[in-house]
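Single chain ahead, by itself, as structure tokens, in the form predicted alone.
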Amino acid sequence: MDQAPRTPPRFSATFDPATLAEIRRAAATGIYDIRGGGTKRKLPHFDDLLFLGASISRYPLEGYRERCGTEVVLGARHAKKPITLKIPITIAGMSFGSLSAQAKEALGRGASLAGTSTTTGDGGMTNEERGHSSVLVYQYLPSRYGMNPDDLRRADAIEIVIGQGAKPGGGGMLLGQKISPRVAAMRTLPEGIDQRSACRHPDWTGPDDLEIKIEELRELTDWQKPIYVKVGASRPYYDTALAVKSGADVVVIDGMQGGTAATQEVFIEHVGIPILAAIRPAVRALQELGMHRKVQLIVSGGIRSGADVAKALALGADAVSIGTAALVALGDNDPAYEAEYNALGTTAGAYDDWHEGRDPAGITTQDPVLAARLDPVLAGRRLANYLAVLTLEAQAIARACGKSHLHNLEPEDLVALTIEAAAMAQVPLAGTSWIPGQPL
């Protein structure tokens, strides 16, 4: 008698293979997993939004005959010397230490070619970075690593970092293998010893103290430099309102899709909110304070394409910032190094152990042999090319919506494909006039 065919085995949705592997790893080692690369779970994102191109009710612009502006001014609220960028796409803060000196130089070169800014990151300013960045934002972090008044004055803007998208409420890590003699000297740290950055600033406990700190930085720089305040996306409405109340010229909000060089995986996957959920509350706070477009909003966390740029601006941001995508443009996770990624137990496109300092592409390393693989001039051109494509794509979408400037894009130009995205972005579900949470 024939037996009935057996049901194919199935993994549990709760205890899937990745979860089982993590339980076994934790049981074997007794330590939590550290990695970079941002969250890997699927979250509501810009892909869940679509633009409504012009038809009868809207008049599109001709791509080769009618201008679509891209410039943005940052910091005009209080600074004597606000920043004017050719494009609304900036390079996020990534430290020398986390990245090689060659990578930092390449970021500066690429941003300068594209007419935008780059940012220092934790650990101070290198001469290569300052020398090749036409507009450089200096990050002022809880660790104070590498901070000195002279470099604050050499910068074009100052970004007070209170949180990061991958780890709001948590500090960064830099393992000993990346604390080279130069990194140690810049950070006043012992060479080769693991470093963990503080999770909060040592000299204030709330928005009233932040207001005093901003005043100190303005006096130190003679009110010349725009002051940004950066937060990880968690309570964007209140954080934006308090940053404005404290005197910020620019607010930066980083969603949980933002990458990082090293933090606990449990942070990356379970703390913070997606950038799609953070933009509209931040814009609402600015609007209610009468500060929308007066205090600029920069958003980051998973920006990949010109469509992402256009959607972020349509939701009310003034500019976006990219980190992971910029590293890929430089050459990170390049399949040309597939054999070496395999030797590290991973594959091109999935490599996220940036903190270990063994990056075959020479980007997230302090190994002089590996770092020498990256040509800063060539990598900078690659980044500039990528930024040019993002800008052209965003312009193409804006023209299709009949807009003569990227900042003229608006929520009315968007619909959502899912109920979650419609609720977060506060735009209608496609084919309806329904915005979840609002009356019909």
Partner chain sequence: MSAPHSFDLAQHSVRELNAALHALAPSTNATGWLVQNPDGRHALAAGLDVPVTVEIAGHAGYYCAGMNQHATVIVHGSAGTGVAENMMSGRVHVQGDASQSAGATAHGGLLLIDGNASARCGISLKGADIVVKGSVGHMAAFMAQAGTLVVLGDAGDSLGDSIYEAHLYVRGRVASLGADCIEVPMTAADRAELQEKLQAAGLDGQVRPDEFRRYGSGRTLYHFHVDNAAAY
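These figures come from a predicted structure and were not determined experimentally. Residue numbers count along the first chain shown, from 1.
Only in words, not in the display: the form predicted in complex with the partner chain, which the text now covers.
Checking 69 to 77, 334 to 342, 140 to 148, 233 to 241 against the partner chain in the predicted bound form, the stretch whose residues place heavy atoms within 4.5 Å of it is 140 to 148. Contact between residue 154 and the partner chain in the predicted bound form is not found at the 4.5 Å heavy atom cutoff. Shown alone here, residue 190 lies within 4.5 Å of the partner chain in the predicted bound form, counting heavy atoms only. Taking the partner from the other structure, the partner chain in the predicted bound form has a heavy atom within 4.5 Å of a heavy atom of residue 220. Put simply, residue 356 is far from the partner chain in the predicted bound form: not one heavy atom of it is within 4.5 Å.
Of the residues given (269, 128, 194, 367), 194 alone sits with a heavy atom within 4.5 Å of the partner chain in the predicted bound form. Scanning 113, 291, 328, 175 against the partner chain in the predicted bound form with a 4.5 Å heavy atom cut-off leaves one residue, 175.
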